[in-house]
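You are given structure tokens for the same protein chain in two forms, set apart as structure 1 and structure 2.
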Structure 1
């Protein structure tokens, strides 16, 4: 089965080509059929591969030599193992649902743009699959850049709006900063080890000095920061909500942003051997989780809330990675993919129903208009808030437990973040679905449940959000029920060996922690629902901390003041002073010199063919004279000098 792995990225690529080239001639139904169908086929192949891996273990499939020089051999190879097959399923599965959803959500677009959208989406899936499947950092980097490009294209999909274009550009530039780190890390690896293939790198990792490992992991983490929106490179993600909502669901919740997690999980051995980096990862992750959660508390745009929530959840994943709970991180990636995709799609459904109104203050009481969306959204909120037995509970609990065993401080800060999560999610839920409707009458009149293409993915994802966590039930509940850990064990075996036997918490302590947290969360939820149930639209200015939070801690302004403005000033200085007087003068001087010289030399070139030939013949005569009489000429010269 493994040798057919190339089919997985092939179908999205074909879909991209067909939709991209035939965008002027294909009908909308054909476009959506091709776009979604190609992902569905990929999903089926991924399933087969998954079961194959489960039964027979992983393998590496080399398609051809990509870069083949004397010192560096980089094959175009696909790594198929437990980790990548799991990600394949997430990408293609959720990807298919979102494609299906998109076919209805984007139906108002004109046919060529509709095709363009699906082509971008397919290209994105292709790149993401390449990222996940690559058997070395170079292939991964290709996919890494591919998803960056697609993200840029999709965020700026409505390119007639300039703000969206700026958002797209911001995402692109932020990602580039991270990518530079990634690229440097890959070069570092290549120069030290001469290879970028995972198996070779991990086998030879012990030959690297600790400085090298730390530097490489730091640089890789910079890459992850950019892609996975961690402090300080997180600001692009909220702005990226400019894109169509399914895009946010696919890229900014389920797949692309988890690329950083995947990359670190993939390189777990390197990180295990670099404790300093691990600590940094954990701290950054935790900081991001809290920081983003605080911002999310006061956001009023439905998608912005979800965006900051995503950033926050990503912080949790990094926390997991930082404390060595790789399985937990991956587990959270999976569950997060389910419920965050669901949330985004639900939000999309709401926005669809509200005619592109995104401000939650102007919604409310949608419960009775959109039952399916309401139920699924509620389930997702419960999942993300960490109420057992929904999926979020298990994954978040695993990370927090691991964090506690590393450092109790991590745990408490993490729990604080979780409480905030519960609060802002239910604030969102309450404002949207409960209370009374605060929008215009026209909107109220048009409120409706979304078509089946949109509700079907919601239902599927809701089911997954509910039961998705049951593959990782902690040991304390049921012995050996954590099937995900067993499945992923081979990937993290090496790290586990290095990290040594982690000391398990006592079961009672664990029960206590879970119970306490859950109780606190339920209280917070009740508080949130209660305080926002009667919410009325008011014009009064927010002040103090609220204002700070509403303005996202003024981070964008800070960046502008600290980085962007000085840089622009410097560029202005170079442009106006250095270039004008120095470089231009030099370049123009050379040009003038050459111009003068050629004006003089041009006199030689009369344009008369006869003269040229005459000179040519004379040249031949002289040449023959010298060539065949060199001895005589040398004698003559000797005599003279």
Structure 2
């Protein structure tokens, strides 16, 4: 079955081409059928490949030679193994649900734009599939750049609004910063090893010096920081909310932001041999998790809360990678895809019912109007908060347990972030669904549940959010029950061997940590619900720490002051002084000089014949002076004078 792997990215690519080229002629039903159907077919093929890999192991499928020189051979090849097959299911499965949801959510768009939207979505999925399927860093980089381009197109989808264009540009530029690090790492590998193919790189990694390995992994991590929104390259992700809500779900849940996690997990051998880089990954991840969580505490835009939640959860994934819990990080990618896609699509359902109102302070009591959205959103909140037996509990617990084994400080800071997660998510839930309705009478009159194309994905994702974590039940509960760890073991086997014997916690200690954390989370949830269930809309101005958090620690303003404004001032200097006064002044000066000279010379054309004869005679005299040698000229002058 693996030999047909090219079909997985091919169908979304065909969907992109058909919808893109036929955007003015196809009907909306045909557009949504092509867009959603192409992803569904890819999901079916991915499912067959997954079972084939589970039964027979992985393989590499080479399609053709992409770059072939005397010293460098880079094939266009796909790597089919446990890690890539799992990501194929996540990308195509969640992607299909988002496409189906979009068919109803975007139905009011005019046909050309409706088709353009689905074409962009298909291209996005194609690029992400290319990223995870590539058998070398060059093919991965092609997909890496593809998702960056598609994020720009989708964030700025409503391009008539300049604010959305600025958000798209911000995402594009900040991703390019990270991409430079990725590209330098690939060049470094090629210069040292002459190859970028995973199997060859990992086989020869022992020939690299510790400096080379550390530098390469650091540069790869810069790329991951940009794509997966880690400090300091995280500010583009909250602004990506400018795009349609299903786009937010696609970017934040199953595709783009998990690219950095996949890349480091794929490069696990390199990172295991670079402990300094691993420590940096863990510290940056933990700092991002806490920092973003504090901002989410005071956000009032329903999508902004979820955006900072995504940044925070990505931080936990990087913490897992940094402490060597590669399986835990990938596990959290999967569970996060379930509940975060559900949260964003649930938010889209709320926004759809509220006629595009996104301020949670102006919502409330939606529970009775939107029962399906309410119950699915609640399940997602319980999952992200880490309440057992929901999916988020198992994956987050695995990361925190590994963090404790590495450094207890990581664990306690991580638990603080988990408590903040529980608080801001149930603040969001309470303000949106409980209490009294705080919107306008017109909004309340039109409140309704979303159509089935929107609620069906919510139900499917809710089921996955509840049971999705059961494939990673800790060994402390049931021996050999962590089927995901056993499935991914071949991918991380070499890293496990290099890392040596792991330090396992005693069962009693692990039970105590789980129980204590869960109890604390439940208390925080009850506190959040009790604090906001009687919330009344007020115009009071926030001050102090609340204002600081509401304004996102003023990081965007700091970036503007330190980076953006000086660069714009420098650009203004080059434009007004160097270009306008210097280069343009020189070029224009030559033109003015030629113009002035021609205006003076034209005065010689007076129309008087006598003047012309005089000039002719003077010309003959000059000619004679030039023609004869110096001695003859002197003799002639002596005779005359």
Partner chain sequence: MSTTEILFFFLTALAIFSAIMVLVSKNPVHSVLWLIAVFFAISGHYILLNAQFLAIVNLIVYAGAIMVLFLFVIMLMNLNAETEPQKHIWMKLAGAISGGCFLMMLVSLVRQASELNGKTALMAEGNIGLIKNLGKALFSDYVVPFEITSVLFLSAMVGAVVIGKK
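For clarity, every value in this text was computed on a predicted model and none was experimentally measured. Numbering follows the first chain given and starts at 1. Rigid core here is just the name for the largest C-alpha set that superposes within 1.5 Å across the two forms.
Between the two copies of this chain, it is structure 1 that is the form predicted together with the partner chain. Annotation: Cα of residue 621 displaced by at least 2 Å between structures 1 and 2, core superposition. Residue 589 is among the residues whose C-alpha shifts by 2 Å or more between structures 1 and 2 once the rigid core is aligned. With the core superposed, residue 612 shows a C-alpha displacement of at least 2 Å between structures 1 and 2.
Per-residue C-alpha deviation between structures 1 and 2, core superposed: residue 580, 5.2 Å.
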